[in-house]
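Below you will find one chain, with nothing else, as structure tokens; this is the form predicted alone, and questions on how it binds or moves follow later.
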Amino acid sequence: MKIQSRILILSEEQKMIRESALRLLDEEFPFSVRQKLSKSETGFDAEHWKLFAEMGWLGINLPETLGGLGGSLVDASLIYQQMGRTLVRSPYLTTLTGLKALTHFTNGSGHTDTLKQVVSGNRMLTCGLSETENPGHPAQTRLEENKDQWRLNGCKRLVPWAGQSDDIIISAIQKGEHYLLIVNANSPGVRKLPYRMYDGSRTADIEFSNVEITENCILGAISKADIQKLLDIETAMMCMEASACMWAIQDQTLEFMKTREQFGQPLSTLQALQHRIVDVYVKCQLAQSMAEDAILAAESICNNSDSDFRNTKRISAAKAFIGEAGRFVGKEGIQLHGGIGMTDDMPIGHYFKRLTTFDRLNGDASWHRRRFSG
């Protein structure tokens, strides 16, 4: 079933973006490709990454003056939504977050070459803003000045795709003030400790030990609230991906129930199971509506809306609901598939792992409920 918008009112161009992404990802990323990439060293395909760049996806929401397509965050979210539906594993989201941070503070000035290389797929960029599982402590990494030299010390946790990236955008504190920096991932004193997440995606903890920082690497001062805005924008994108994962579980489970027989009849004819799949359908509908509301809130944040406080609550509401609803849908999908739902050869379990990972990133459901109530 194709995902239809519940709240977003899409232009004809945006519908084309969504349809072209659906067709390309269906063709290029069958489940067998994901299985192969899961066992590879990098976890994603460099040729696919170049394809994303050729399609203009890496710079879709960058201004045309910076080599982008001049689109919106909604445009990017439609692509990422389809990536969730097809379980594509790639550094797409963290790259968009890094580009947003880079262009926000420099407008491309001094880093034009880096921007062009990232958008063209020739250089990889990631973003590490948090130092715990929850985003309440965005910067304890220290930027220290000594005899006209800048040094960076500290550690960032859960930096996505850091082991495969060329540059890392991070936050750091200097004399009580927050700064945003771009650091070469292979600089002396940078130690990457890569590992796999529960869903198989790649991440790393990064230790900085007296890393020499030039003045050009300091993008500018940033408030803690602005760091949270970047995380909120990223979280809204994640909600779009997760809602698509939920729909994929619903579709695949319903199809399985129509073809799998028990007591001489398809599972879909059993009333008790019909009630369960309807509950899954309702959760998917609600999750998509809240994800689309979250992306509209994030778009408002991008446009410097005066109602940022209300927008953050909308994003937290979506993250909390989808985090819990996603686990419900994933568990139901596995149970309705029976024993084969637990095998590695069935996509259903991989969607569940992705949704479980989603719930832990950028603040879990409990953290966002507290934030919404605060």
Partner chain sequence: MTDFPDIKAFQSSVRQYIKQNLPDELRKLVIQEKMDIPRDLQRQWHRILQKKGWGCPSWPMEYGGPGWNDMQHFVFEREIALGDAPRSMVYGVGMLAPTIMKYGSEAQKQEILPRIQNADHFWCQGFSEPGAGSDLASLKTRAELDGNEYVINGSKMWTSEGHIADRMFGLFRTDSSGKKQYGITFLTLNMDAPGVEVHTIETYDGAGREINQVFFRDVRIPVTNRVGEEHQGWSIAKYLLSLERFGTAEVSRSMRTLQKIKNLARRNKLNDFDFDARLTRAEISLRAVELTEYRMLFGEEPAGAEASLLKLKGTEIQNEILELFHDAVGNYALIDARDDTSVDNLPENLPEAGYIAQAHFNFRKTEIYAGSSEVQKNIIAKAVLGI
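Computed from a predicted structure; not experimentally measured. Numbering follows the first chain given and starts at 1.
What follows is about the form predicted in complex with its partner chain, which we do not show.
**Q** Heavy atom to heavy atom, is residue 321 within 4.5 Å of its partner chain in the model of the complex?
**A** Yes, residue 321 sits close enough to its partner chain in the model of the complex that at least one of its heavy atoms falls within 4.5 Å.
**Q** So, residue 187 and its partner chain: in the model of the complex, are they within 4.5 Å at any heavy atom pair?
**A** Because no heavy atom of residue 187 falls inside 4.5 Å of its partner chain in the model of the complex, the answer is no.
**Q** Taking any heavy atom pair closer than or equal to 4.5 Å as contact, tell me whether residue 175 reaches its partner chain in the model of the complex.
**A** Because no heavy atom of residue 175 falls inside 4.5 Å of its partner chain in the model of the complex, the answer is no.
**Q** Do residue 153 and its partner chain share at least one heavy atom pair within 4.5 Å in the model of the complex?
**A** Flag for residue 153 set to no.
**Q** From the candidate stretches 233-241, 195-203, 118-126, 84-92, select the single one in contact with its partner chain in the model of the complex, where contact means a heavy atom within 4.5 Å.
**A** Single hit among the candidates: 195-203.
**Q** Just one of 26, 344, 64, 54 has a heavy atom within 4.5 Å of its partner chain in the model of the complex. Which one?
**A** Only one option qualifies, and that one is 344.
**Q** So which of 142, 224, 104, 157 gets a non-hydrogen atom within 4.5 Å of its partner chain in the model of the complex?
**A** Contact check passes for 157.
**Q** I have 45, 50 and 69 flagged as a candidate spot, so tell me whether each of them has a non-hydrogen atom within 4.5 Å of its partner chain in the model of the complex.
**A** The answer is no: none of the three residues contacts the partner (heavy atom, 4.5 Å cut-off).
**Q** Taking its partner chain in the model of the complex, which residues along 269-294 bring a heavy atom to within 4.5 Å of it?
**A** 271, 273, 274, 275, 276, 277, 278, 279, 281, 282, 285, 286, 288, 289, 290, 292, 293 sit within 4.5 Å of the partner.
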